[in-house]
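The chain below stands alone and is given in structure tokens; this is the form predicted on its own.
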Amino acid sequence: MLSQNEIKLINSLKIKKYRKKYLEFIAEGDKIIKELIDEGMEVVHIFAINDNFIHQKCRIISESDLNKITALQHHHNSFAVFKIPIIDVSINSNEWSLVLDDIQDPGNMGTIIRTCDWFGIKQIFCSDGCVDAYNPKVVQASMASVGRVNVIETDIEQLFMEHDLPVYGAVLNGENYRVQSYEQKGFILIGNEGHGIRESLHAKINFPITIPKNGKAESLNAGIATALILDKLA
């Protein structure tokens, strides 16, 4: 049985400021939890409603207790608390890095992290206006890819000033992304779902690129745009 203090602490991890305070996050479901463990993520607690999950830190709890801590509409059979890893940031001029400006939808963020994992992008830099990578909905949408891709919250303008690498920015009036030359690796910049890349960052873009459209949609989903561009790079 979970104590009221345990329930209160675990539920606080659904809020960003408490994830930052305790440096912990939650994940749900056998597959995601096992993959995060396999990737070396440090386990704090595992809770399950049956004995199918074998781990030294696993506690059997009631379905009623699981309902009190789940972040999902329909809970899985297992629930875990992990330590947020301390990431050693390094920029390699021979590798691509993705930069996200104020991506706010958890589903988009999780999809982007998973897409980066698929295409071998090891680092994502996020503005402080982005939904954080350890939001429960992001963790679920990433399908454990958050354990394989480094996601770093940073000052984007400072990042670009400190590293003399080309910035390829996804905008509405740039070069067709299919014909753009990508000879020198650097940063791929993706903007907010509704407003695109903030005005102050446009001056930092060396190569504005565009995914051409044939229809009338105002904009393209940030996750889809990322996937198309990374597929081109691959």
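Quick note: we count residues from 1 along the sequence shown, nothing fancier. Predicted model, so just to flag it, every value in this text is computed and none were measured.
Not pictured, yet referred to below: the form predicted together with a further copy of the same chain.
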Please identify the residue among Asn135, Thr111, Ser78, Ser97 with any heavy atom within 4.5 Å of a further copy of the same chain in the predicted complex.
Thr111
Want to guess which of 161-169, 175-183, 62-70, 200-208 is within 4.5 Å of a further copy of the same chain in the predicted complex, heavy atoms only?
175-183
Would you classify Gly120 as touching a further copy of the same chain in the predicted complex, given a 4.5 Å non-hydrogen atom cut-off?
yes
Quick check on Lys57: any heavy atom within 4.5 Å of a further copy of the same chain in the predicted complex?
no
At the 4.5 Å heavy atom threshold, is His195 in contact with a further copy of the same chain in the predicted complex?
no
Whether Leu220 contacts a further copy of the same chain in the predicted complex should be assessed with a 4.5 Å heavy atom distance threshold; does it?
yes
Thinking of Lys16, Ile91 and Asn150 as one candidate spot, does a further copy of the same chain come within 4.5 Å of a heavy atom in every one of them in the predicted complex?
no
Scan 194-214 and write down, in order along the chain, each residue with a heavy atom lying within 4.5 Å of a further copy of the same chain in the predicted complex.
Ile211, Pro212, Lys213, Asn214
